[in-house]
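First comes one chain, alone, set out as structure tokens in the form predicted on its own.
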């Protein structure tokens, strides 16, 4: 594997077989490559397979088929080599011992990483300072706010000086200010050359911090691109905004092949959305024939890409 690839996923499938129930395919032939130093977003609704992929990459779950490499090491056959290289940050309170203090939590994880006593004390102090929790170091975690817990989660994920971080919906439940501070920390970690795989169904998060985004739904990767250029992958989804259109014309446009919706907007204009190649030209021809002169076309935002390709299941904006 080239040295510049931190994560390589090749044809991963994961099938769960619950007792007395039909098998459930959580991941279906997923392939993905993440270069060293990239913040990569895995964007999809709840149940899309995001957490399952993270569990496989972090050696918690075995794949049914395929293979995955982290920093060149196979997650199945070289788990002992992979684990010191990774850190995992989950949303919510999973992985924190709330009756212990922040310092005690980090010291415990340092011991699990088999750091020496001096190393544990040094890294604990450094990480508490980094995430802004030095003044709360000896306070019980059960008294922390959601944002403080997430910062402690991040510190815990870095206790072993991880080169690859898996952040599984890390800002879930955070207020906007705490989420913004957390995203800044993610940027700082990237500046140090760390690789980050961030799972989310938050559109703002994906667009703000990710270099590239993979859309995943029902266990399949639908597309992988930069947030900005992802919209161009489905340029067939376009918006056409018009003004002063008679009702008869609107009724006619609704029947045009490839038109997915014709809806009024708050400013009094009408938005026509198309979802097939060639449909835009047909709509424009109808508008010209009807004498409509105020016409504006535009490509979809990342949010609209998500809705068109996946639907509104689990969408957060």
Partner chain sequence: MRAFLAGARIQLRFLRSYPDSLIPFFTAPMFTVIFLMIFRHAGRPDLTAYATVAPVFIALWWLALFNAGWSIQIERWNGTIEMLVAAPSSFAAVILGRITTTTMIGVVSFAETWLVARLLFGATVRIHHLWAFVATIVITLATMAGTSVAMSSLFVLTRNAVTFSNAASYPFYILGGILVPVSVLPHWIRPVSSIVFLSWSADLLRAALRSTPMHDVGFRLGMVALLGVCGFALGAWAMRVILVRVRTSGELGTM
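Positions refer to the first chain, counted from 1. Everything quoted here is computed from the prediction, not taken from an experiment.
Not on display, but discussed next: the form predicted together with the partner chain.
Proximity to the partner chain in the predicted bound form, defined as a heavy atom within 4.5 Å, holds among 185, 164, 96, 209 only for 96. Comment: the partner chain is not present in this chain, but in the predicted bound form one of 218, 228, 180, 140 has a heavy atom within 4.5 Å of it, namely 140. Per the 4.5 Å heavy atom criterion, the partner chain in the predicted bound form is contacted by stretch 101-109, the sole one of 172-180, 220-228, 126-134, 101-109. Mapping the unseen interface onto this chain, residue 83 counts among the residues with a heavy atom inside 4.5 Å of the partner chain in the predicted bound form.
The closest heavy atom approach of residue 156 to the partner chain in the predicted bound form falls within 4.5 Å. The partner chain is not drawn, but in the predicted bound form it has a heavy atom within 4.5 Å of residue 62. Contact check for residue 20: no non-hydrogen atom falls within 4.5 Å of the partner chain in the predicted bound form. Residues 14, 16, 19 are the ones in 13-33 with at least one heavy atom within 4.5 Å of the partner chain in the predicted bound form, listed in sequence order.
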